[in-house]
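Before any questions on binding or motion, here is one chain by itself as structure tokens, the form predicted on its own.
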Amino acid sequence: MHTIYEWVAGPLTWIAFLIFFGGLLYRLVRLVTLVRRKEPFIFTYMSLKYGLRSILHWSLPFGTVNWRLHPVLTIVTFAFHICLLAAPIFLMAHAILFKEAWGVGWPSLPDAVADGMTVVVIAGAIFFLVRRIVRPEVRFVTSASDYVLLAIVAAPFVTGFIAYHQFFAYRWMLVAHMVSGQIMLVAIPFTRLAHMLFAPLTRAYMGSEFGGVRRAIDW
């Protein structure tokens, strides 16, 4: 067990991060290359002003008509994504591990707050799962990969929650937590989870087109 833990916490973690950052860089370079080759005119009307304006409105809860039309979905979506990003980054245990490895640290959240954020992510994943099952218009556009991606996102938080509270099989849950986190990192650049990178770029493009070309707003 000790050997497995060392291998997962060491080489496997490095491999996952290399694939994560390398994959995102590859996707970004590939996107820019494709745009330059097929639709170079896009660069002519990309606007920092209109792009940031659009990103700002869509980044604010109820900042757009669509967000206001679906208040429950809006609240769950924002809470889910905020906790999804903040909990792993500002978890005290993760911050300590990073400082031990790189000598760089940052403020961390109290364990109780991080634990609450973990519950929010798990509850949000259940909400999105149920929504895909019970809402006909969502179920129609749902494929098996959507359920797999939802499981990939939820797994690190479920296993981390179990490991933190030591409900059972603590050591194995800790390993499962690390492996599931690594799987998510590797999956991000090559699945629809890459929207963490592309969503702001898409929003900047839409904002630039609506503001600079159509003279309209996109929210």
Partner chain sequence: MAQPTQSEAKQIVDPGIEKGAAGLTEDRIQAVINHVIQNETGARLKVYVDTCVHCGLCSEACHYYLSHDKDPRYSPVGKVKQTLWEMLRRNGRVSVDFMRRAAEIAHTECNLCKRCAMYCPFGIDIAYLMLVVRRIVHLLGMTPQYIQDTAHSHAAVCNQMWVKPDEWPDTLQWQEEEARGEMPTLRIPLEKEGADIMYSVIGPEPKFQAQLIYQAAVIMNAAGADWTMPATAGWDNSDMAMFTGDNEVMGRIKRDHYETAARLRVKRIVMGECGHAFRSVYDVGNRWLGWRIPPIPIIHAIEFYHELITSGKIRVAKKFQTPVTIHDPCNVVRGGGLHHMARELAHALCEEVVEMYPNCEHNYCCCAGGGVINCGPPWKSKRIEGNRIKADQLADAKIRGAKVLIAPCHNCHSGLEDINHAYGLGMEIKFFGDILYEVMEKPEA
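Residue numbers count along the first chain shown, from 1. It should be emphasised that the depicted structure is a prediction, and the values quoted were computed from it without experimental measurement.
The next section is about a form of this same protein that is not shown, the form predicted in complex with the partner chain.
A.B. asks: Each of Leu12, Phe21 and Ala151 within 4.5 Å of the partner chain in the predicted complex, by any heavy atom, yes or no?
C.D. replies: The answer is no: none of the three residues contacts the partner (heavy atom, 4.5 Å cut-off).
A.B. asks: Only one of Ile183, Leu56, Leu28, Ile42 gets a heavy atom within 4.5 Å of the partner chain in the predicted complex. Which one?
C.D. replies: Of the listed residues, the single hit is Ile42.
A.B. asks: Flag Met46 as yes or no: does it have a non-hydrogen atom within 4.5 angstroms of any non-hydrogen atom of the partner chain in the predicted complex?
C.D. replies: Outside the cut-off, so no.
A.B. asks: Give a yes or no for Ala16: in the predicted complex, does one of its heavy atoms lie within 4.5 Å of a heavy atom belonging to the partner chain?
C.D. replies: Outside the cut-off, so no.
A.B. asks: Using the partner position in the predicted complex, report whether Val141 sits within 4.5 Å of the partner chain, counting heavy atoms only.
C.D. replies: Taking the distances in the predicted complex, the answer for Val141 is yes, it comes within 4.5 Å of the partner chain.
A.B. asks: I'd like to know whether Pro136 contacts the partner chain in the predicted complex, with contact meaning heavy atoms within 4.5 angstroms.
C.D. replies: The answer is yes: Pro136 has a heavy atom within 4.5 Å of the partner chain.
A.B. asks: Any residue of 54-78 with a heavy atom within 4.5 Å of the partner chain in the predicted complex counts; write them all down in order.
C.D. replies: Heavy-atom contacts within 4.5 Å come from Trp58, Val65, Asn66, Trp67, Leu69, His70, Leu73.
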